[in-house]
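Single chain ahead, written as structure tokens, the form predicted on its own.
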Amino acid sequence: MPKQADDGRKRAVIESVSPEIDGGRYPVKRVAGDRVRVRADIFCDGHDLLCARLWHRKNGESDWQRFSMQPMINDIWEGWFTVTELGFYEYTVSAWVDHFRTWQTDLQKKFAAGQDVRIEFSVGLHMMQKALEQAREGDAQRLGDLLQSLQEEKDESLAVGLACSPELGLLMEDYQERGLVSKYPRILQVEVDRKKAGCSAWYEIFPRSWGYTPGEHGTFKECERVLPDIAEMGFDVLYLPPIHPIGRTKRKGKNNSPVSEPGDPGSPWAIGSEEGGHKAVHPELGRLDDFREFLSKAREHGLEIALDLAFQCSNDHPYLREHPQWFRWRPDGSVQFAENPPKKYEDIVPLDFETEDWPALWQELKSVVVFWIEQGVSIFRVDNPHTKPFAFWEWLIGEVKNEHPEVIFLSEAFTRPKVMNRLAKLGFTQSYTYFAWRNSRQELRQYMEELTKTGPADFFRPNFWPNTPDILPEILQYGGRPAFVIRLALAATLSSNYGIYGPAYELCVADPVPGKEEYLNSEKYEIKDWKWDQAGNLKDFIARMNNIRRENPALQATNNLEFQECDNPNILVYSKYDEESSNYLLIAVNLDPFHNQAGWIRVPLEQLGIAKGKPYLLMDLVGDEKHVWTEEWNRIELNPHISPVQVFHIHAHLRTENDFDYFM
């Protein structure tokens, strides 16, 4: 049976409000200081004009803030508001038939056609009189003056001009009959994070490999010596694998061997021993006080520590003794270890989230997160979240961020797209991606347009990692040093959040397990002795790229990406623009790590406001070269062994056509 309207006289229709995630089930994501642009399809029957409002407020506030929306094209209306505080905001849309502006438009048309408008005038004056009866003091004074002027004006042409003025239309907007307002049936939400959620540069190390004596287990105190170098390279997040006690039962040996030798340190992801579990520090790294001191020293260098949050246990974790009901036990009495056939992880025992004691399990895991927040940690990289229930993560992240909105959760989920998207929707601040396996121009462009131009753009914040301790992509295995330069340049400029596992990355370590995308002699299973400053390292290049990111607001966002044209399929060209600072960058990357590639690239002169034939300056921020171009199409050549990337900062206007010396 057709649904009867609550008031059939409401004629405005509101559809396709965006951004909106799954009918308002999940909030969209922004960082403090962002504008939230809201669009909606708004229309009505007939030819009457409409008025639309965007309403917003911080959660918990009683009063709504309102802004007029503006019509664009094809019945699309747009408005925006700025979010300034961490937490959640609400927004919605309303619309109604604007009878007064419709009257203004009709009056103009009739007068221009030479028709008698005396009766038409009386209709408008009547609407103004009704509005005056309810107008606020300041508006009432001005509205009364305008009404009197219209009643006294003898020149019909002047009267029509005054009656149709935008000022009068705006004054009348608030005082028309408002009982027939259509309201969007849903109140939508925005989750606002701190700025580092939207722009960050991560660096991953294993602290145990940074002892003073090569081959011996390092401590937090010894690891403090690398903090200045990491900060000097321009990173602002230092990510540590699990720092907890490591199990001894079925401990893995070198190269993931199922049998360990005396002295093998084991995988940090096999968490728990007689020394403690998820709230303890591995004794060979130091004490809890040492970790807090490490946090403090890192902050002095502008680094935040991100901790690995891996909700799994070794065979020796205290949970197995204290809460056996949280695990799955096999008929022979042994506990079920972790598997992803054919892979076996005998040193790791997964938690059973289907246990009847799940409320206690959830509370305990929440207490782990809160414990480390109390120590000073506010960033967590979450290991394999796709292997735990979605409902758990939505609850946990919601509970934590309700009290600590500054906390950032990075989802380390390399799995199916819909699963990754669901994790992002339900609360994860940032997400790992498929970037490591996107190499060709077509692959990169298609993937980036999916992330920045479709639905995920409002909830999925990509964090690009060219490598991890688990992943050594094929292009890094065979591409040599140029491949490492290329992939870092892409990660650092395509995404505003990126990270590397070092120093394997800057040393261009490329030895794989044969036939796999895994590191041979992986640091996951042994202590490494890194020769950090050996010839050919990328520390200076990485520092240059991170400095470019810091100094150019255009690179501090992801969704402002636009691809540009190039006639060579081996060269990827794209631009980023920051409207507030008028910062425009044009980036060209040679995707071929073996050969020089040249091509003609198109500069979008019209978008930049540059007249064809007029000179404009480009400064390559990577190579410190300057160019003055005058044409739309220009030729570049990129040598992968010298500089496979150029980041052009474009100055749209020179002082004069003959004043090049000022810039050169």
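Throughout, we count residues from 1 along the sequence that is shown. All figures in this text were calculated on a predicted structure; none of them were measured in a lab.
As for the form predicted together with a further copy of the same chain, it is not shown, yet the points below apply to it.
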Q | Contact test, all of 75, 362 and 425, partner a further copy of the same chain in the model of the complex, heavy atom 4.5 Å | A | yes
Q. At the 4.5 Å heavy atom threshold, is residue 284 in contact with a further copy of the same chain in the model of the complex?
A. no
Q | in the model of the complex, residue 47 touching a further copy of the same chain (heavy atom, 4.5 Å) | A | yes
Q: Spell out, yes or no, whether the shortest heavy atom distance between residue 641 and a further copy of the same chain in the model of the complex is within 4.5 Å.
A: no
Q. Residue 123: heavy atom within 4.5 Å of a further copy of the same chain in the model of the complex?
A. yes
Q) Since exactly one of 340, 367, 296, 454 fits, which has a heavy atom within 4.5 Å of a further copy of the same chain in the model of the complex? A) 340
**Q.** a further copy of the same chain: the contacting residue among 629, 55, 600, 43 in the model of the complex [heavy atom, 4.5 Å]
**A.** 43
Q) Which single stretch, out of 394-402, 146-154, 499-507, 256-264, brings residue heavy atoms within 4.5 Å of a further copy of the same chain in the model of the complex? A) 394-402
Q. Within 21-41, which residues come within 4.5 Å of a further copy of the same chain in the model of the complex, counting heavy atoms only?
A. 22, 25, 41
